[in-house]
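The chain that follows stands alone, in the form predicted alone, written as structure tokens.
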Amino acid sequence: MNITLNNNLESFDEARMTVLDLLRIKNFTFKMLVVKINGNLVRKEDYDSTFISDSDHVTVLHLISGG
């Protein structure tokens, strides 16, 4: 599978993967993440049931607060 992840082309051996699979494979461990697939927000409770398809554009942002 080939996707665009944070504006970078990425290839994966998996034929299907969920958002949660992607986060595990890429070691995204921050608790506060925003995930979008093709511009559509994915809710955290849907990470394990939302599938990423070949050619999707995925954005994963880390939310950091401070002041």
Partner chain sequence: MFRKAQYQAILEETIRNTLKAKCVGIAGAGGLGSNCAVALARIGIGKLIIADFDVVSVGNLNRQYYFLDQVGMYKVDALKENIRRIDPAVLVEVHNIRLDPDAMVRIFVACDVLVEAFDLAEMKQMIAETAAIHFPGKPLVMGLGMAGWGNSNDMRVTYQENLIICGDGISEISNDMPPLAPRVGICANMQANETINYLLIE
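Positions refer to the first chain, counted from 1. Remember, it's a predicted structure, so these values are computed and weren't measured experimentally.
Absent from the display: the form predicted together with its partner chain. The rest refers to it.
(Q) Even though the partner isn't displayed, in the predicted complex is Leu61 close enough to its partner chain, meaning a heavy atom within 4.5 Å? (A) Leu61: yes, in contact with its partner chain in the predicted complex.
Q: Classify Asn6 as contacting or not contacting its partner chain in the predicted complex by the rule of any non-hydrogen atom within 4.5 angstroms, answering yes or no.
A: Judged by the heavy-atom cut-off of 4.5 Å, Asn6 is in contact with its partner chain in the predicted complex.
(Q) Please tell me whether any heavy atom belonging to Arg16 falls inside 4.5 Å of a heavy atom of its partner chain, as the geometry stands in the predicted complex. (A) Arg16: no contact with its partner chain in the predicted complex.
Q. So in the predicted complex, does any heavy atom of Lys26 sit within 4.5 Å of its partner chain?
A. Lys26 lies outside the contact set for its partner chain.
Q | Residues within 4.5 Å of its partner chain in the predicted complex, restricted to 3-42 and counted by heavy atom | A | Sequence-ordered list: Asn6, Asn7, Met32, Leu33, Val34, Lys36, Asn38, Gly39, Leu41.
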